[in-house]
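Just one chain follows, in the form predicted alone, and it is written as structure tokens.
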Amino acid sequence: MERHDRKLGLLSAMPLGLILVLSFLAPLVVVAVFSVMPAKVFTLAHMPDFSAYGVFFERGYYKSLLWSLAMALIATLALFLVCWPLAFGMAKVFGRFTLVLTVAVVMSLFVSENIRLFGWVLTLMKGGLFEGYFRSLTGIGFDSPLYNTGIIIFGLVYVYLPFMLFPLAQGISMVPDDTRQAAADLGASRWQILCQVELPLAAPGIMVGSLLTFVLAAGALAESKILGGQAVIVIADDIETAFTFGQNWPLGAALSMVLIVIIGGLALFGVSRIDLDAIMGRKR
């Protein structure tokens, strides 16, 4: 009976699965083929040419990639530290208040990312909400914290907080209370319970949240443009410039493929270590 159900489920999901595979893979194939075309061409009717990948190193585009990956990593670590106590409260402490907090966080996603970031610009700019009110009260002004690397990372943390918070809360909810209490009864300290019980058992949620935030942050563009004023050029900005102002589709495709391969490799590595059955609540 179970075998029959699996076969029926596979057949039922096949049409939609085929559509999703084609819609996902077709653009990637087009980008991959364009990445080996000669520079400044707009059709695929050319012999393969890998010169666009050479430009990646010759013109220093790897620096933008390193900046993007470094800021994404820092933002992911910061989000984990910020979200862990909040996620723990949502999963184990807050009770019915968890629903209120969840709705409040989800509501922020209903507003465009750009609008929320421009709100921070108006708040932090010279003569903005903070500096303007402080100067009117004290007569002392201060420089705007905008347009630097730190504010870009702040923007990444602010925008992608829900993508770390909810998977983390799900992972923490998978940790049985009896296990924590048993460790405490055996004399484990709070730090030992955290490191040896909670973190290992919540690892699937930690991995999912980290992957989501890192992947999204590595390809983010609005934070560096709106908050950072392009003080740091990220790889997504170089890709956009190559496809639009530069009118060099092969270069844009090559830069995209480098980012896709790196992010895809990290994602596959992380997914291979996730117990999806435990996350979905399925019996093995």
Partner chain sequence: MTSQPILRLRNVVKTFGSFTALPGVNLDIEEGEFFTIVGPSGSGKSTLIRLLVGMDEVTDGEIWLRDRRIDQTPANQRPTCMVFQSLALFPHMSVGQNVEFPLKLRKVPAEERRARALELLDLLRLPQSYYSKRISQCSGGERQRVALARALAFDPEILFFDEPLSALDYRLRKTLEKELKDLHTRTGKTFVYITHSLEEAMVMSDRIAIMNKGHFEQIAVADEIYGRPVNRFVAEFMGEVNLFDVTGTAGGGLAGAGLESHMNGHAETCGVAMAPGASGTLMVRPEYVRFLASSDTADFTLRGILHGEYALGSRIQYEVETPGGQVITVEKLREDRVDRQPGAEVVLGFDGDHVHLIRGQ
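Keep in mind the model is a prediction, meaning the values are calculated, not measured. Numbering follows the first chain given and starts at 1.
Form predicted together with the partner chain: not shown, discussed below.
Although the partner is absent here, Ile74 lies well away from the partner chain in the predicted bound form, with no heavy atom inside 4.5 Å. Interface membership of Pro200, defined by any non-hydrogen atom within 4.5 Å of the partner chain in the predicted bound form, is confirmed. Mapping the unseen interface onto this chain, Gly139 falls outside it, with no heavy atom inside 4.5 Å of the partner chain in the predicted bound form. Within 4.5 Å of any heavy atom of the partner chain in the predicted bound form lies no heavy atom of Leu117.
None of 79-87, 131-139, 150-158, 181-189 except one has non-hydrogen atoms within 4.5 angstroms of the partner chain in the predicted bound form; the exception is 181-189.
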